[in-house]
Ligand SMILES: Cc1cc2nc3c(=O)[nH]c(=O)nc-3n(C[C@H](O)[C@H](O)[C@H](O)COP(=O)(O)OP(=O)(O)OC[C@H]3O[C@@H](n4cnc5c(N)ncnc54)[C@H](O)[C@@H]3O)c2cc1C
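The chain that follows stands alone, in the form predicted alone, written as structure tokens.
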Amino acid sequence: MGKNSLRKIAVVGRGTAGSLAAASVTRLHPDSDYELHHIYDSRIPIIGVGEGSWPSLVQELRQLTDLPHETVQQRLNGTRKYGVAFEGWGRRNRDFTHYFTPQQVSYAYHLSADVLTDLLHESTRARHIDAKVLDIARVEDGAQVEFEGRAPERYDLVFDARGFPRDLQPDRHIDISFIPTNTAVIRRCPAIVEEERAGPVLQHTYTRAVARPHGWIFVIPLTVHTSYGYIFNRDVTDVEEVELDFDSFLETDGVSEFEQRAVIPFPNFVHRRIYNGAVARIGNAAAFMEPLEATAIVSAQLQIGMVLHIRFNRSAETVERDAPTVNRFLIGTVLRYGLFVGWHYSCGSKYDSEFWRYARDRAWPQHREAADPEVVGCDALRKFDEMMGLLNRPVIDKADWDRMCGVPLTSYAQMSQGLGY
């Protein structure tokens, strides 16, 4: 089986995706006599902002850590996220919630990202290498990692979790600029959820997604602080204007003090070669889109899980044949997430502002060209169009109730009703 060809594995990067990969290899590798190197440059800081997730993370962290759900939640400074509460989005000028399904039963975590990496490291058996990685390249029967100041190492499989590319290149990246934002201003504010002494916080919480004139603001409640982030487009609005509106929002929200954490530019993209058989890009190295539906962690879970499943359960002789199929599937899934997120802007918001006109009238209409199957090599656009067709039917047949396009039909239906699509 493929496990015999995975005697030496590397994970490059110490953020959420890299830590998930290292812990997953530790738990899932069927043998004990393999070598795992977790490689990261300690000079690169981990920016710990509050993060949302999907329900799949609750079960996965239980399995990776062997800790009860309640303990995991408390260790993460976590609250139970039952969905996303949208304020001011769409045509109907009313607030609505996108619930996880089953509604009010299924929940995810709001969590501290820096604490999550620490928790995962406790469950990882690896040799830690503190070094700057210069390059990761495919070589015969594996991959080679080039370091600064030390000899290169060859591995059977490398997870590349080094984060965003420096710039997008059309031959390497699919630009999904139909998502109209590219910058986040992050602030940390006092906690609005009280930590329980005897156990985890059990109350239902929601990520707030509040439409604002220059974009939207997320509000993520943790037990130690509340994370706020203003998501906007720096090519449409100056950061100074955003900061002023952020101040106004916090004042209205009753927040009198905050810690400025970071201003983070980001690309919305999907890498064309997420997996090539020996190197698996994961997390922000594989793809990224704004955090509106908390797709970052669940994408990393999918990338890590699928690559390990294929490599552990298929023979080494099939690696070359499997790689294009796995790569196409991963690209298609992330693009479907992207189309779902970009569609949120198609009905505008209560603000008739420069940003919202740009988002609705200029950015979103680019999605057909950006996701053209001839350009991206997968059928994400066709599946998205099929979901739109279902939403336009007067009655949706029971046979279609379980349809998925990145997320289930129930999510599309909730957003369609809320936005006034």
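Everything numeric here is computed off the predicted structure, so don't read it as measured data. Each residue number is its position in the shown sequence, starting from 1.
The form predicted in complex with this ligand exists for this protein as well; it is not shown, and the discussion that follows is about that form.
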(message) Quick check on Leu391: any heavy atom within 4.5 Å of this ligand in the predicted bound form?
(response) no
(message) Test of understanding: in the predicted bound form, would Gly406 fall inside 4.5 Å of this ligand by heavy atoms?
(response) no
(message) Considering non-hydrogen atoms and a 4.5 Å limit, does this ligand approach Ala143 in the predicted bound form?
(response) no
(message) Contact with this ligand in the predicted bound form for Ser177, defined as at least one heavy atom pair within 4.5 Å: yes or no?
(response) no
(message) Taking this ligand in the predicted bound form, would Ala23, Leu61 and Pro200 all count as contacting it (heavy atom within 4.5 Å)?
(response) no
(request) Could you tell me which of 304-312, 89-97, 335-343, 280-288 sits within 4.5 Å of this ligand in the predicted bound form, going by non-hydrogen atoms? (result) 280-288
(message) By the heavy atom within 4.5 Å rule, which residue out of Val219, Ala184, Leu250, Leu120 makes contact with this ligand in the predicted bound form?
(response) Ala184
(request) Taking 4.5 Å between heavy atoms as the contact cutoff, choose which of Asp41, Glu354, Asp379, Glu70 touches this ligand in the predicted bound form. (result) Asp41
(message) Pick out the residues of 130-150 whose heavy atoms come within 4.5 Å of this ligand in the predicted bound form.
(response) Ala131, Lys132, Val133
